[in-house]
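Taking the form predicted alone, here's one chain by itself in structure tokens.
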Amino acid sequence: MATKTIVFSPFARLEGDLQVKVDVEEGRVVRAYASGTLYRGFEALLRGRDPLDAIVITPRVCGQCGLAHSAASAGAIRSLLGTQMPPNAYVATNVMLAIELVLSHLAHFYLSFAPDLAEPPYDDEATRRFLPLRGSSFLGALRAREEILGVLGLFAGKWPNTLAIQPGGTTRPLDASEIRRARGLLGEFTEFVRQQVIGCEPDEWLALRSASDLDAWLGEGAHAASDVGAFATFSLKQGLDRLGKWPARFMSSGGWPRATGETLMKPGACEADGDAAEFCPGKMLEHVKHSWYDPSEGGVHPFDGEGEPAPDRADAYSWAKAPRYAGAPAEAGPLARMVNDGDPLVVGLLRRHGPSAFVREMARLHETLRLLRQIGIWLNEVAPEEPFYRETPRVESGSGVAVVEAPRGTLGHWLRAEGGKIRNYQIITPTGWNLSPRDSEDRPGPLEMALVGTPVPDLARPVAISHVVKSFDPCLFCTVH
């Protein structure tokens, strides 16, 4: 049988330089290779610097989730020092990280994923809503960002690349009037979500507990005319629930911790069939057999990884490494968080439709609503009269690790310091998990497996491949170090 190879390079409308190569036989993908093609080298850049420099440098890894990197770098230093932040700092950091997630999720949906729905041969309604720069919903989403960015400005001072998050807490304390202003801005943004995104009160959406509840919701009132309603109806009609499946394992650290250490969502490593295991960062190893770095035997723990570039390796095809959890590939992101947390709506959709492109997008939109409500709760927990920051000692020698939940999934920073300088620094990003190349045993990464079986009836318009790739919301800027 004839094999046709399609190469997408660079992949359009996503973060960073991604190349995807697929082999197509009899109208379906039979093999896939995901490649990060632009080396950036942040880990090497950090060696020999003061550990506090990581808080300045690592947010530049990504223009969309810089706060997550800031929180991870500050957390790794705090882990090394064995110190704690004041309760206010945990709340303030959680507000910032949650707003960054909301911004990222909606930017992904309206600027990256949904515009593909406006491509021919799709219908006029999708074009009217989602066509870039002209679609009514596309433009509405751009205008609405201002309100929630205002809340982020109150907590972070500026975004991106704020320095408000430090090992000892946050350096932007808020008074009572600023908290009231934040509530007002959050309310204005929530009104946009109510009117355009879901077409109902957020509490009504969050009351949905199953796939059958979603069916009933779509048939009530004007819900089907909302962006989520139109997306769900359109996706099921076009078969997005049949795209992007793989034998998934879902990994999440829980994210958004309190001062007590309790996380907002339940951490875990859950199989698609519901089998769950405890989350443990010590089970993470990185493989480089097919990555452009000096070779190593098998997987290496991040504390011991070096990541020296080796661009001439003939057996490699990506600047991304291949992280593995407990020896196997793992998917990170909103779907992974929702499944490990036991969210009834997302778990119900997963049971009906499998780990598909449709379910990933629905999990992302649903998580946005959950976090919006939680931000309002956190605003009521801020105590303006209490401290937001606590002095910490200077970093000398030791090791520290912090794992946080970024918009695209689990993000880890590993730090080793000697004599007040960084000896080694390693970052494993969410896209590093989702778009990893093959590992030491030649097992493909999650996206590479999810692309297998994707229908390609027209080699000139392989739009289904784009749906699968973008359902993972790739960020290659974060991934290639």
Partner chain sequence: MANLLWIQAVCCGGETVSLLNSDHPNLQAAMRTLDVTVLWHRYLYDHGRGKMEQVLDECAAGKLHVDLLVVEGAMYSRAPQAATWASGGPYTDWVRAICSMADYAVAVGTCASFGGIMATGRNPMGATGLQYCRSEPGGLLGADYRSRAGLPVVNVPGCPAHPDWIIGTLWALRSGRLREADLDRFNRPRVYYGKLAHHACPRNEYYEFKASATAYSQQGCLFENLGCKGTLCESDCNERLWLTRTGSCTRGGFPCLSCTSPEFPDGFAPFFETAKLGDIPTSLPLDVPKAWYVGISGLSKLACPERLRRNAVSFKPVLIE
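Here the structure is a predicted model, which is why all the values come from computation and not from measurement. Residue numbers count along the first chain shown, from 1.
What follows is about the form predicted in complex with its partner chain, which we do not show.
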The stretch from 168-176, 238-246, 320-328, 355-363 that lies within 4.5 Å of its partner chain in the model of the complex, judged by heavy atoms, is 168-176
Would you please decide whether Leu154 lies within 4.5 angstroms of its partner chain in the model of the complex, comparing each non-hydrogen atom pair? yes
- Query: Going by a heavy atom distance of 4.5 Å, is Ala314 a contact of its partner chain in the model of the complex?
  - Reply: no
Considering non-hydrogen atoms and a 4.5 Å limit, does its partner chain approach Ile422 in the model of the complex? no
Next item on the list: Give a yes or no for Met449: in the model of the complex, does one of its heavy atoms lie within 4.5 Å of a heavy atom belonging to its partner chain?
Entry: no
Checked Lys266, Arg258, Arg351, Arg181 for heavy atoms within 4.5 Å of its partner chain in the model of the complex; positive is Arg181
In the model of the complex, the residue from Gln84, Ser399, Asn161, Gln374 with a non-hydrogen atom within 4.5 Å of its partner chain is Asn161
Near its partner chain in the model of the complex, with a heavy atom at 4.5 Å or closer, the residues from 36-51 are Thr37, Leu38, Tyr39, Arg40, Phe42, Ala44, Leu45, Arg49
